[in-house]
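The form predicted on its own is given below as one chain in structure tokens.
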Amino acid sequence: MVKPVVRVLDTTLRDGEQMPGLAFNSEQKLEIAMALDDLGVDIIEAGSAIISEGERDALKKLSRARLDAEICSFARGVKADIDAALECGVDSVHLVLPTSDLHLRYKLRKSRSQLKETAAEMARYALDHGLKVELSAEDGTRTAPSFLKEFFSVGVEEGVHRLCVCDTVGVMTPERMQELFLDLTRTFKLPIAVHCHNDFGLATANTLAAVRGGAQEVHVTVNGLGERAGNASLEEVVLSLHHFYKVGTNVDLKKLYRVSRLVERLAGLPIPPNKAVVGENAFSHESGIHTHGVLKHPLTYEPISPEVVGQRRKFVFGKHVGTSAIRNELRQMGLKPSEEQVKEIFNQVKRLGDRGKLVTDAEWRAIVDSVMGRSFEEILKLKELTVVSGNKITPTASVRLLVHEKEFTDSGVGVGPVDATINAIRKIVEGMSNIRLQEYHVDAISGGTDAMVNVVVKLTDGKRIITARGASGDIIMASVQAMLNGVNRLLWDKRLKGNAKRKI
């Protein structure tokens, strides 16, 4: 068991939300905060109380939720920010003041001595009103080390609880970061935190280097959300601390993937498939050499077991597939293919992959059904679709589906005709089963006025995740095909396995 040593401050709801185009409402913030609390995060920087009434509403809800985590509000060096935080009933403020000469000259237009006076006054004001204070040096890594120490000394004299160095524009290297923290932790007895941005792709490495230099707290965001290139990624930092350095945190690693997916869904920002730790490809294998090795012993091509972070291993079928993966998957499906059938499935998958196609789960199963002589029944069929959209008209779709000769009709609205259509279908599907749309994207579009649109969706029934495709010259029909292909496959596979009661 790795002993907890480093505290984790998650700033997904503040710095992560500063990502352009991202905004959580108060209910979403509460849902994420509760998940972070369950994950074991020590401090949740839930927003900046001065921002808006909605932000204050969210902070108040989090403060009243009686979470184990400390609830923190970002605050500039002005009384209004601290007063707004006090109004929300938070436990602490992350008191942030710029310390580099660049910021002092062009942003604050203050001298170093004026900055120190402000820091002392604001720290004392917050402390006198019963708040914990983490004093943070914005652009601290571009601040002269001697002045950085002077600035922190002001906070120490006033009695702040923690100090923090911000690599605001991600310009540090791991070597320099470790040296800086070795120097600071020799000088100050208070816990010192590190806050890294990812402009050069070094946020995780710099955070780990700071811990090696003595940092006792790390600032992170789920999925690495944040301004510009983002912040240090929670999942990357805590897993690396545990795995490489045997430095513990209170974070439950098995819940990392679940929290990641929650934030992905609420943020509406798909996680890149090759994202470390939580990406869909992090434990996926297509190459025949790799799948053969993993089937023999997982550690041949996996650094850790996917279950450590709540992930699962997946074999992807495409042009690089090998027969070992095909045999294994067929066994998992309860099938006993002949060598000729394995070879035919192998060849068909290869041909599809050679055309530059992602072989979706629905297509894989269709190939297996065809070669193995298994029947497939289309459970859901489209009978009618009407879409209304135009200038100053809310896009609306009405859809009629046939299910075992019984008709289901519903409608939906959306930001566009495709969104409205998907919402209408989703309402019918979710009304008769537990299938949910998890992801939607346009996979490819050919050129020209008669362009073919290729839509791929990811659906889940709570136990499995399946990908399916639809292709058409009409993006709405391509979307409908993808949805129905995926839903039909999930329902049919469930019927074949007979492992759940059908709700239709």
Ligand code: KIV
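Since this is a predicted model, take the numbers as computed values, not measurements. Numbering starts at 1 and runs along the sequence shown.
Omitted here: the form predicted in complex with this ligand. The next part is about that form.
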{"item": "V96 within 4.5 Å of this ligand in the predicted complex, heavy atoms", "value": "yes"}
{"item": "This ligand contact in the predicted complex: F283, any heavy atom under 4.5 Å", "value": "no"}
{"item": "Close approach of Y257 to this ligand in the predicted complex, 4.5 Å, heavy atom", "value": "no"}
{"item": "Exercise: C166 in contact with this ligand in the predicted complex, heavy atom 4.5 Å", "value": "yes"}
{"item": "Complete contact of F317, E363 and K458 with this ligand in the predicted complex (any heavy atom, 4.5 Å)", "value": "no"}
{"item": "Partner-contacting position among E217, E138, E236, D81 - heavy atom within 4.5 Å of this ligand in the predicted complex", "value": "E138"}
{"item": "One stretch from 193-201, 378-386, 146-154, 430-438 that, in the predicted complex, holds residues within 4.5 Å of this ligand by heavy atom", "value": "193-201"}
{"item": "Residues in 14-38 close to this ligand in the predicted complex, defined by a heavy atom within 4.5 Å, in order", "value": "R14, D15"}
